[in-house]
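One chain follows as structure tokens, the form predicted on its own.
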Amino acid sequence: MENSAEEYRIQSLDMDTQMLLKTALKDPSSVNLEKVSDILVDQSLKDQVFSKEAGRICYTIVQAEAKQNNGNVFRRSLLNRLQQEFKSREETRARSLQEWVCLVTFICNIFDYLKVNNMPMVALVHPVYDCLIRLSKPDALMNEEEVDCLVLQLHRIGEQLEKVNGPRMNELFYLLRDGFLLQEGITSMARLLLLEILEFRAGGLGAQRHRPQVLLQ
């Protein structure tokens, strides 16, 4: 863990929380894993940088718990909390666009990192699609922050999503195409981002591995 990105983000938290998370990463059975999952979600909703890194922390704890006692308390607690946040996503968006963008980033990050038998978790596929399709609606396309979030997530996990459910990816891109072509009032930067992702998919989402690394962070 030393000198890793997630260790750096942990250092930004208070000392008690740092100790709890460090212990969870090494000896998960000795701490309250429900509390750990709540801390990770709460911090992710407040800190967009943390929301991009938290998936690594969650993955490490899941692996450590499975190795230690073949348990899945942390993963179950994490998914339960994510389900709660997902259900109240419209209220979150209405309250704070930043918190909403952090929520989407975190859910997509968890989808990217947590696998079952090297496959994406089925329970997360539709929630992730629902979030991305929400970001493709006309009111969201008016906000550069939401468009930027959408494009970054598609670059990151679009290929995985399309493999597990191609029709919903088609639905999402129909919305993006119509928004790009028909919707008025979209900023020039948002239009540029939409054009980029539309052209990107035309070339195959599998090409995402060639996207400059800085845009994946």
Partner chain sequence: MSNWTRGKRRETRENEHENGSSGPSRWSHCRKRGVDGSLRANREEDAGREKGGHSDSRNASFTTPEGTGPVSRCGRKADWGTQVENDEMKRDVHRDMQRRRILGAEVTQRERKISSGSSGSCDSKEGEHIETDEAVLLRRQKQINYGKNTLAYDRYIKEVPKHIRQPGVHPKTPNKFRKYSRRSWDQQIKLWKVKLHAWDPPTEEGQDKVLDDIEELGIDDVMDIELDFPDFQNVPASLTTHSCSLEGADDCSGTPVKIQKTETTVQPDLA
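Fair warning: this is a prediction, and the values are worked out from it, not measured in the lab. Positions refer to the first chain, counted from 1.
Heads up, the form predicted together with its partner chain isn't pictured, but that's what we're talking about next.
With the partner left out of view, is Ser96 within 4.5 angstroms of its partner chain in the predicted bound form by any non-hydrogen atom?
No, Ser96 sits far enough from its partner chain in the predicted bound form that none of its heavy atoms falls within 4.5 Å.
With a 4.5 Å heavy atom cut-off, would you call Ser188 a contact of its partner chain in the predicted bound form?
Result no; Ser188 lies far from its partner chain in the predicted bound form.
Please tell me whether any heavy atom belonging to Lys87 falls inside 4.5 Å of a heavy atom of its partner chain, as the geometry stands in the predicted bound form.
Yes - in the predicted bound form, heavy atoms of Lys87 and its partner chain come within 4.5 Å of each other.
Can you check whether Asp130 is within 4.5 Å of its partner chain in the predicted bound form, heavy atom basis?
Yes.
Among 31 to 39, 175 to 183, 147 to 155, 188 to 196, mark the stretch whose residues have heavy atoms within 4.5 Å of its partner chain in the predicted bound form.
Residues of 31 to 39 come within 4.5 Å of the partner.
Check Gln18, Lys22 and Lys67: does every one of them have a heavy atom within 4.5 Å of its partner chain in the predicted bound form?
Not one of the three qualifies.
Going by its partner chain in the predicted bound form, which residues of 118 to 137 come within 4.5 Å of it through any heavy atom?
The stretch 118 to 137, when checked against its partner chain in the predicted bound form, contributes Met119, Pro120, Met121, Val122, Ala123, Leu124, His126, Pro127, Asp130 at the 4.5 Å heavy-atom cut-off.
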